[in-house]
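One chain comes next, on its own, written as structure tokens: the form predicted on its own.
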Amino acid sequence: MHGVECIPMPPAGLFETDDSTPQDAPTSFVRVAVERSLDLSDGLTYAGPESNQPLAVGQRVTVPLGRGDAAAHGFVVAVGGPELLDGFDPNKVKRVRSASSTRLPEPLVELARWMSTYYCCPLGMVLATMVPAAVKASIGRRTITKLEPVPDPPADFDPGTPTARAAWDAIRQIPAGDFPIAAKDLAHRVGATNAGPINKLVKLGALREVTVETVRAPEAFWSESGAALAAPPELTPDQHAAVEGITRTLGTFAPHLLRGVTGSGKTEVYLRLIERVVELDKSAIVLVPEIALTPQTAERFLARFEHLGVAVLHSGLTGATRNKQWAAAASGAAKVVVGARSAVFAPVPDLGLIVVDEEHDQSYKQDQLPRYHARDVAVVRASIEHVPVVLGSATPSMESWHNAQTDRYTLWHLPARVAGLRMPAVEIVDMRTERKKRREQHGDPRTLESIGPTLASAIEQTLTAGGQAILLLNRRGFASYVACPDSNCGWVLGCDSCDTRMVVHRAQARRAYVRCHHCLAEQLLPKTCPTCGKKVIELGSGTQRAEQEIERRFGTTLGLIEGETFARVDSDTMRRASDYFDLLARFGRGELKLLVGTQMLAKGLDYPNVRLVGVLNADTSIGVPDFRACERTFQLVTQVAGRAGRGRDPGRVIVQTMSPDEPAIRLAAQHDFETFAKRELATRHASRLPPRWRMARVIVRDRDHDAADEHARGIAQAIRAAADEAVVVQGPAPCPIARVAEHFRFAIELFAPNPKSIQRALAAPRTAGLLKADARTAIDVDPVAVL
């Protein structure tokens, strides 16, 4: 976790005033954090609504804002009497206009306060992030009338007719917790042939009508990927030790790190822990990275706990379904919530456990305001609600591993695969040697194919023997470099709006085009160099070129035909979650023999017939100007390699690279996380980088270069003036990608041995209004990328 210190923010006690003087002065007041960029730690003070409707902390309300009294939404963060006024005239305070039924539990309001301070974001915007837009808009919500027995009916009550009497006797046997029930359903439940007896009981006053809000929506969309949902297996000694050890901390805040090699049964540990939690009549939240990419993992939770109610929260749901799932979590109808990063805000009652699966995954970091990390927010929420939190991964983040090594987290190990399965053998292949071998065989020095002879041979052997294969290339498109072949010319095709190169994409129905993967600008691929007129060359490989190469090389010999027996898996082909689910279902049934794609294939796939995994280019992230490049490379190679050998065949992994001696690649091939982590942490410590040191970035952007530079210098000066001697402030300096979407970008970076020093350095200019998260300025605390 990245620390939970809360630094005081701008002063409270600010009011929305009304020039009119009401007859009766209000006596109840609330503070409301408005869903606007008003950076006030305690919001604005309002009088209660004229209806005298009682308000509660966490309730969403509508209030008048500004001189024009524009309607604005916000959340109540404090409730009280005149003490909230700090001596201000109560007759001049504006009133809350209305209140909705949407309410966040008080622990989530406390969590929002921490997030507002730590991530430098207005409190109202943090609270707004916690509630899905579909819930705020009441999509699919409707009001219906149901029935329930009146309290304490007379013992001698006589409905009169035999049918009504029989219905009443049956109703009295229904558990009280099942009410209210719709009239039609109640008639069916008591065995009545029509609603006549029920209507008579209503007329006699034995049953009363109650208004209930409900959400009409289809169930959460899910897949049938072909994963076998077997009976719970017997735990290994290591699994049993982890389950029992973590169980002993239920009811207290206790962070745990579960490091288990791929296939070691981490998910089963989570399932057993949740069983213990629900036995105590408490709820659990399970976070998974990009739930649409990990359907097998989430399906296991759905299957195991279907009888308890499972709410699924992810971006692939319709608005009405998301509203329905959120309501199920809030009401306690669902004891288990499974979802992506926003599920950390699920308003479950009686929380008992939080699980963060694949805690190292970058998708847990939000790239928009508020720029929170769901893993760290989960730890803080667990602290607030006094429950344990379990972080699981085969390749833990350096932050979590550092916390485990310094005894902030309890570490549990699952060092071996379950059911006696072995880790796959990993072979590192030097592509320089492979290409030389290829040229000698074919006599073509220009050959730049993605699949070398060693991997090509392994593909043929695996598929001929009836196995399946997965190939990873973490780069989309056909080619990543378009240039003039004449070195004296030097022309390279770049994006007009960004300081990046364009990527070639090819489509059957149109001419090849180039796209910027940052601003998404597109244009047709030029055939000739605009400077000297020579035919352009396309260099660098992406998933689309690999797809073409597979069909060309193996289409005849192995019958690999794109779309029929193999498929490309990247964000260009998987437009919707259903596309990915359908593809995995086909792969699980054996209809597809081979998958080639980006890191989408490295997450959560468990298919016993995958006997070969090939990494086409392990160097794609090594050369990125980011201090986490080696960590990401190790994680990606390890995770995708873990997809192999989950059946009786131990599996084989071939890693192609131009850097065979790179420690991140070599140690990943050896499945040696601890040696890698020790080396990486030592390097970070010597360089004063996270996790030993803490970091924050302020990014200033503007269409005008000089304006961006000047604004960044002003912010840097204010930060330096507020920072203590422990803080190192670097910049401003142009970002590694200095221009994106026609905006020039400058970065100010803060480093300190503790989070409190960084928070103080940011708090002072933020309070003074010099540092404000808006369209021009982004504040990123604990960044996961520095491009």
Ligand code: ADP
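Heads up: residue numbers just count along the shown sequence, starting at 1. Small disclaimer: the values here were computed from a predicted structure and weren't measured.
Note that the form predicted together with this ligand isn't included here; everything after this is about it.
Although the partner is absent here, I537 lies well away from this ligand in the predicted complex, with no heavy atom inside 4.5 Å. Using a 4.5 angstroms limit between non-hydrogen atoms, S264 touches this ligand in the predicted complex. Although the partner is absent here, A166 lies well away from this ligand in the predicted complex, with no heavy atom inside 4.5 Å. Mapping the unseen interface onto this chain, K282 falls outside it, with no heavy atom inside 4.5 Å of this ligand in the predicted complex.
Contact with this ligand in the predicted complex holds for none of E290, D572 and T598, as no heavy atom of theirs lies within 4.5 Å.
Listed stretches are 713 to 721, 455 to 463, 199 to 207, 266 to 274; the contact stretch with this ligand in the predicted complex is 266 to 274, by a heavy atom cutoff of 4.5 Å. Between this ligand and the residues S621, T117, S480, Q239, the one pair within 4.5 Å by heavy atoms in the predicted complex involves Q239. Interface residue among D606, E110, E680, D702 relative to this ligand in the predicted complex, by the heavy atom within 4.5 Å criterion: D606.
Contact annotation for 232 to 252: residues with any non-hydrogen atom within 4.5 angstroms of this ligand in the predicted complex are P233, E234, L235, T236, Q239, listed in sequence order.
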